[in-house]
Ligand SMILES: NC(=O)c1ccc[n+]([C@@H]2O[C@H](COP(=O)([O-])OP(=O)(O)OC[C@H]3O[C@@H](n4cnc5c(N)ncnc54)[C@H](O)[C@@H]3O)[C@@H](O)[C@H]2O)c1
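This document opens with one chain alone, in C-alpha cells, the form predicted on its own.
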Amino acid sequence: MKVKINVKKPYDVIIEKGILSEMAEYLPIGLKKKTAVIITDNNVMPLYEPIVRKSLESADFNVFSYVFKSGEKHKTPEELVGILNFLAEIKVTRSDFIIALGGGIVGDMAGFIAGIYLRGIRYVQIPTTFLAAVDSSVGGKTAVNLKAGKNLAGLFYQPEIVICDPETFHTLDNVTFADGVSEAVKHGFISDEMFFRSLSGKTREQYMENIAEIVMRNVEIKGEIVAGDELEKGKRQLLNFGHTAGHAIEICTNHAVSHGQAVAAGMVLMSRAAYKKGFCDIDFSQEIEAAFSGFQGPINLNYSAEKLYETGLSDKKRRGAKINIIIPERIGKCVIKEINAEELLEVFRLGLEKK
C-alpha cells in the first residue's frame, strides 16, 4: 500500500507486512550508496536494528547506529546535542542521511536532528509502533521537550519516505499499542464518522486483522489535512483534538501516563467541557470512551483543574492571551475555537466534572 503526502516536497508512505527486511530497496534513488545513520532507542535496537542494518549493508550502504534510552524523559536538548556530536565525530555530510527507527520519540528526535545538523540533511522514517505509524511519522513535525513543556523546541521538516511494517506491532505491549488506538480514534472522530465507528470497541486482535488498511486510512486522513496546511497555521490544528489537555496530563505525571492514554483522556475531557460550555449541542464524551472499550479505556484524572491549567498555559498552541482549542460539532467534524487563555481553567474544570 502506498499513500502520497502532497506537501511542498512530496513523499510516499509505504505500508507492507514484512517490508522491514527489504527496506533498502524502497529508498529513493537520491539516497543510494550513501552513509546511513540509524537513530533508535534501547528497546527497538535489539529487535529491529540488525534487520535494517542487514538490508542496508546488503545494498552497499555504509551504516552507523546511535542508541539512546527509551522514554519521553530522554527526549531532551541534552540528548539531542549528544547525537549531533556523534554525527560530527563520524563525519556525516550533507549527502548522507538519517533513519528514524522506532516510535514517536525516536521520530521526533531524529527528524529534529536531521533538520538542524549541517542546516539540514535528509532522513527516513521507519515507525515501529502503531502510534508512530498512524500519526507522528507523517507530516514532518519534529521536536524535543523542555522543562517547561512538551515539544516546545522543534521544526517542521519532512522525511524523504516513510516505510511502515505492521509486523513490528506484534512486539508492542498493550499500553503502547493502545497509544496508537488513541490517535486512530482521533483521526476518525475529526474527519471520518464511518471510520470512527468501524474502530469503536475493537480489541487489539480485531485491529490486527486488518492493521495495514487501518494504518493506510489514518495516513490518508492525516495526509489530506497536512497537505492543506503543512505549517499548522489553520486546519492542521484539528489534529490537536485532545492534545492541550493531554500534554498537560503527561507533564503533570512526569510522563508516567503515556501520550496515547493522555490524549484519550483529553478528548473525553474536551468533549464534555465543550458541551457544558455550549460550544456544541451534544456531549460526545461517552461515545469516545466507548471507542476504547476493547482496551483499558481512558484514565481517571486525579488532577485539579488548576494544576492542568498551570501546565496548559505552556502549550505551544497558545498565542499571547489567546489559545486555540479543538471542539466537536459532530462525529467526523471538529472545529477550531479561539478562547482567552484564562478561560482554559473553566474548560478544564468542566471537563473534569463527570456530572
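In case it trips you up, residue 1 is the first one in the sequence shown, and so on. What you are looking at is a predicted structure, and each value in this text was computed from that prediction instead of being measured.
What comes next is about the form predicted in complex with the ligand, which does not appear here.
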item	value
Residues Ala132, Ser136 and Thr171 all lining the ligand in the predicted complex, heavy atom within 4.5 Å	yes
Which of 44 to 52, 57 to 65, 282 to 290, 23 to 31 lines the interface with the ligand in the predicted complex (heavy atom within 4.5 Å)	44 to 52
The ligand: the contacting residue among Arg272, Arg217, Lys141, His247 in the predicted complex [heavy atom, 4.5 Å]	Lys141
Residue among Thr176, Gln237, Ser200, Thr76 with a heavy atom within 4.5 Å of the ligand in the predicted complex	Thr176
Contact of Gly188 with the ligand in the predicted complex (heavy atom, 4.5 Å)	no
Partner contact for Glu72 in the predicted complex: the ligand, 4.5 angstroms, heavy atom	yes
4.5 angstroms heavy atom contact with the ligand in the predicted complex for Thr128	yes
Gly111 within 4.5 Å of the ligand in the predicted complex, heavy atoms	no
Any residue of 102 to 124 that, in the predicted complex, places a heavy atom within 4.5 Å of the ligand	Gly103, Gly104, Ile105, Val106, Asp108
